[in-house]
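As C-alpha cells, one chain now follows by itself in the form predicted alone.
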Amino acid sequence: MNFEEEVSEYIPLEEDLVGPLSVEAFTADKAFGRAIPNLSELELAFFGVGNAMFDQSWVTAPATTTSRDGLGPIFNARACSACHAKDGRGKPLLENNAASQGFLIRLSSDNNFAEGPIAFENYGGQLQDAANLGIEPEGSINVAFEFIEGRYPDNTVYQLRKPIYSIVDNSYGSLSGAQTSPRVGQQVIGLGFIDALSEESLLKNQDVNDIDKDGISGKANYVWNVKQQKLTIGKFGWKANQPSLEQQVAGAFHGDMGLTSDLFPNENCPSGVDCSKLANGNNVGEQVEVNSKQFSRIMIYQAAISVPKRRNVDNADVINGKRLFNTLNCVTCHVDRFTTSTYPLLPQLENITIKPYSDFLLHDMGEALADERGDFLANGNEWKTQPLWGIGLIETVNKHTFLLHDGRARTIEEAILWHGGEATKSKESFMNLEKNKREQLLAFLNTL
C-alpha cells in the first residue's frame, strides 16, 4: 500500500475523542486541565473554584484556614494534585521511601463479592504513610526491582522491570496475610463522559463465557453504590471498583487525605488512636470536612475536564498503526466508540460520541500482572481496561511515561509486553510484527 492510499483512509473528525467537546490543548499546563467548551458562565466559575480546590493543600485542624482544614489523622497526600499533578498521571515509587506522586498500596484481609474488599485489621483499606503531628503513620514502602530480559522474534532485545514491594515500619500491628495491591493515580481527563455512560452501553461488550470464542471474556464489576444503597456497575478505578464519579471523588478525599464528606462522613481513624480527642475540620453547623458546596464545585471541575484532540491523524504511519491496532484485536478491549446517556450534572455531556479506547470491563491480564487481591467481582488477575485517551501526552504533562497499575512499564511498548491472559494473542501478534510495523502501532497510540 502506498502513501496516498494510506492517507486516503483518514476519517474526518478522527482527531475528536469526545466529539465537538474535544479541545486543542497540547502543552504541559493545558493538555489535561481544559474545560469542555460550552460551559455557562456560572459553570465556568464553579470549574475555577473546583480547580483551586483540586490544587490546594489541606491542613490539620484547627486552623485559621477553616475552608481547608481537617487533614488526616492519617493520609497519603495533602492535595488532589499531589497524586494527579496538572490533572495528569502519578509517578510510582522508584526507590525506598522516596517521595512518589500518587502511589499507594491497597490492603485487605479478604474479599466479599457483594461487599467488596474486607478492611485489614488496624489498617483499613490502604496503607497511609503520612500522619498528623503526634500520630504514627501506618508504615513505609520499600521497593526492589527485578529486570527481565527478552527478545522479539526478529531478535530485537527488550527489558521489562518488575517491582517487588515490602511494607516496613508498620505501626499498628502485623501485616502478615494482608492482600496488597500497588496503585498509581491516573490522569483525570474525560471523567464526566465516562460517568455519563449507561450500564446498558457497557454490558453490550460483556462476554463472560466467551460465547463468540474470540478468547476475550470481559465482565462488568458490580460494586456497592453508597448513594443508591445497592450494587451497580463499576466504572472507575483500576478494578472498576467505584460506580460513579461522585463516589470516586469522595473515596479519594476519605482514603487519600482523611477528609470526611456526606458520602463518607466517618473519620478514617487507625486503631489505637482516640480520634474523638482530635479536632476535626467541620465548620460551624456542618457535620463533615468537605461540605456539600465545596463538593459540588469539585464535581463540576472533575466532570467538565475535556479530552485533548489527537495529533498527526493524517500521518501515513499513524494511519497504518491504527489499522494494526484493529487487526491485532486490541480494539476488542480498548473499544473506540460509545455514546453518552443522560447526565443531569452537566447536560452538555449527553448524547456525545466518545472514543475512550476502553470497554470499562474486567479482563484476565495473566499471572505476571496479578496482585492476588480481590475487589468485588474482580479477582487478582483481572483489571479494568484502561482508557487510552491522553496516553500520548503523559510525558508532556508529567515528564514521565510510567504506565500500568503500579507504573512498572517505562514505555507504551513495555506496557504492551506485560499483557497476558486474554491479551496474550494480541501481545504475541504485536511481537511478531516487523520492527517498523511495531513502531507504526506505537506512533498511533502516541496520538491518543
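Here the structure is a predicted model, which means the values were calculated and not measured. A residue's number is simply how far along the shown sequence it sits, counting from 1.
Another form, the form predicted in complex with heme C, is not on view; read the next lines as being about it.
**Q** Is E138 close to heme C in the predicted complex, meaning a heavy atom pair under 4.5 Å apart or at it?
**A** Residue-level check for E138: no, no contact with heme C.
**Q** Taking heme C as it sits in the predicted complex, is V49 in contact with it (heavy atom to heavy atom, 4.5 Å or less)?
**A** V49: no contact with heme C in the predicted complex.
**Q** At 4.5 Å between heavy atoms, is N241 in contact with heme C in the predicted complex?
**A** Judged by the heavy-atom cut-off of 4.5 Å, N241 is in contact with heme C in the predicted complex.
**Q** Can you check whether F32 is within 4.5 Å of heme C in the predicted complex, heavy atom basis?
**A** The answer is no: F32 has no heavy atom within 4.5 Å of heme C.
**Q** With the partner removed from view, which of 225 to 233, 148 to 156, 279 to 287, 332 to 340 is the stretch that lies within 4.5 Å of heme C in the predicted complex, judged by heavy atom distances?
**A** It is 332 to 340 that comes within 4.5 Å of the partner.
**Q** Of these, L328, C275, L160, L346, which has a heavy atom no more than 4.5 Å from heme C in the predicted complex?
**A** Among L328, C275, L160, L346, a heavy atom within 4.5 Å of heme C in the predicted complex occurs only for L328.
**Q** Looking at G185, G116, P356, G72 here, can you tell me which has any non-hydrogen atom within 4.5 angstroms of heme C in the predicted complex?
**A** The residue in contact is G185.
**Q** Which residues in 66 to 87 have a heavy atom within 4.5 Å of heme C in the predicted complex?
**A** Stretch hits, in order: N76, A77, A79, C80, C83, H84.
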